[in-house]
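Next up: a single chain in structure tokens, the form predicted on its own.
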Amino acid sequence: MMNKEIIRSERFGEQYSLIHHPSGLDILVWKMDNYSTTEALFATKYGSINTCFRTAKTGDFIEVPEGIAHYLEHKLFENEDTDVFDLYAATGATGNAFTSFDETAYTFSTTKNWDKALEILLDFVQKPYFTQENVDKEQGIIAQEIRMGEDSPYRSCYFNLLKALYKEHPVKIDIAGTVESIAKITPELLYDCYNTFYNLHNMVLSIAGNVDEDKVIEICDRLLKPAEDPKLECRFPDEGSGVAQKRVTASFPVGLPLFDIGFKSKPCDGIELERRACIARTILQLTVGTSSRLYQQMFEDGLINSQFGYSTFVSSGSYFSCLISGESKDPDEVYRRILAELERVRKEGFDKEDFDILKRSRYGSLVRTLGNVEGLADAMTESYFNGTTAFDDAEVLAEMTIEDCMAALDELFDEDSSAISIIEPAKA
């Protein structure tokens, strides 16, 4: 039996629908009148970190090769007798897909024939076609992709940091896996992972734009293939506190040294994830953002340039880190100054005026996303997998206080749980 919830924001005067389809799939529809673009994501909560799992059928936990989620994404586009991109092109839509650490999504964007594009999306994602021949062929392609990634100083710096921060967690492994791990992938393993993680109970369909909700449901009624809930459970190693390594270096032919700095803290989920991520982003912006005094001083001293940036790196119930990256003639000095600035803030606090300005600016950015079709489809998907709604980030931001940020400093930016990865210029 199908039922529907309305997810509403009194603050914004906006709403979208959450439809619990009898197939087991949840469908999110944000109708945007007078918009020409439609964006859809058909996503599964399945990424590179999901290498150890069990279901009602397997009983015990099983482990699969690293990189198999990314591999599977590649193979789904290869149907037995059609090219998915050609099908999209015939409708005027463009299709794409991505695999992250904790999600795989298949997308389309179009200004016409959204219903035809939706039929293509639902059809091919539910029609896996794996043979020994096409699996062997893909191994060579992805192995080349992995080797190209290993030749990237930026990618190497990033994954070296994750390996320094995380002792056991599979997030430290490249999303594509390794050349050795993908060599273990077989058609049988791909079907096992597909049937486990591409079960509709583990997926969501998000669609935003000038669409007809009844038409969306009619297409889903016709094309979705119901399945029993597999009772999926994923297991991750006990990561604990501390880091694997405080400092890691590598050499590449770069003009300036590259660096990635990370602060690891305990994972969380639901509204607590939204709250802590909001606080973490605020602390980062106040401490090292372009308007901060630390940024201005390091820029004037020639320690950083326009490549300097920061982000939160989070996954529901799995990992939570704050990252800072850039180029510098002296990455260790940048690291030292960041730690010193965090210590100063612990003693002196944040500037109240800067905090209030930042909150207003962030709120304005959230308002602007309400006019971005692609952003809304992404936000619905991400919040759904996090166990929240697309409006919760605004509510969390509105309730956040400067005292919240001060209270979270020690947990989110503990020097003992931090590390730095540096790429040094290769010597001639």
Partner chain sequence: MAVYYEKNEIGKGITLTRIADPKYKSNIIRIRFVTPINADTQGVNALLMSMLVTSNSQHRSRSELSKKFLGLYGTSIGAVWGNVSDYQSVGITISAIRDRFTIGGEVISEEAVTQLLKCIFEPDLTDGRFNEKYFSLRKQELLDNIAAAVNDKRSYAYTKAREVIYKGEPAAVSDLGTAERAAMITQEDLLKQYDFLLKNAVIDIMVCGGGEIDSAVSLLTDAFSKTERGDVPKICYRRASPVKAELCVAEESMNIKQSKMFMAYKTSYEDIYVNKVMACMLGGSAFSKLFMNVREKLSVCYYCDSYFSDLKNVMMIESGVDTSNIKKARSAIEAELDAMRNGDFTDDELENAKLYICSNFVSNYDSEWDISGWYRVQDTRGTAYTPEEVCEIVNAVTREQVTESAKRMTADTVFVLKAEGGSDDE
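Numbering follows the first chain given and starts at 1. Here the structure is a predicted model, which means the values were calculated and not measured.
Keep in mind that the form predicted in complex with its partner chain is missing from the display, and what follows is about it.
Shown alone, this chain has one stretch from 91 to 99, 182 to 190, 313 to 321, 330 to 338 that lies within 4.5 Å of its partner chain in the predicted complex by heavy atoms: 91 to 99. In the predicted complex, every residue of the candidate spot (148, 300 and 363) has a heavy atom lying within 4.5 Å of its partner chain. Residue contact check for residue 171: none of its heavy atoms lie within 4.5 Å of its partner chain in the predicted complex. Proximity of residue 325 to its partner chain in the predicted complex falls outside the 4.5 Å heavy atom cutoff.
Not displayed here, its partner chain is kept clear of residue 58 by more than 4.5 Å at the level of heavy atoms in the predicted complex. Its partner chain in the predicted complex comes within 4.5 Å of no heavy atom belonging to residue 283. Contact with its partner chain in the predicted complex, judged by any heavy atom within 4.5 Å, is made by just one of 271, 256, 250, 223: 256. Interface residue among 112, 266, 235, 246, judged by heavy atoms within 4.5 Å of its partner chain in the predicted complex: 112.
Counting a residue when any of its non-hydrogen atoms is within 4.5 Å of its partner chain in the predicted complex, the hits in 126 to 144 run 137, 141, 144.
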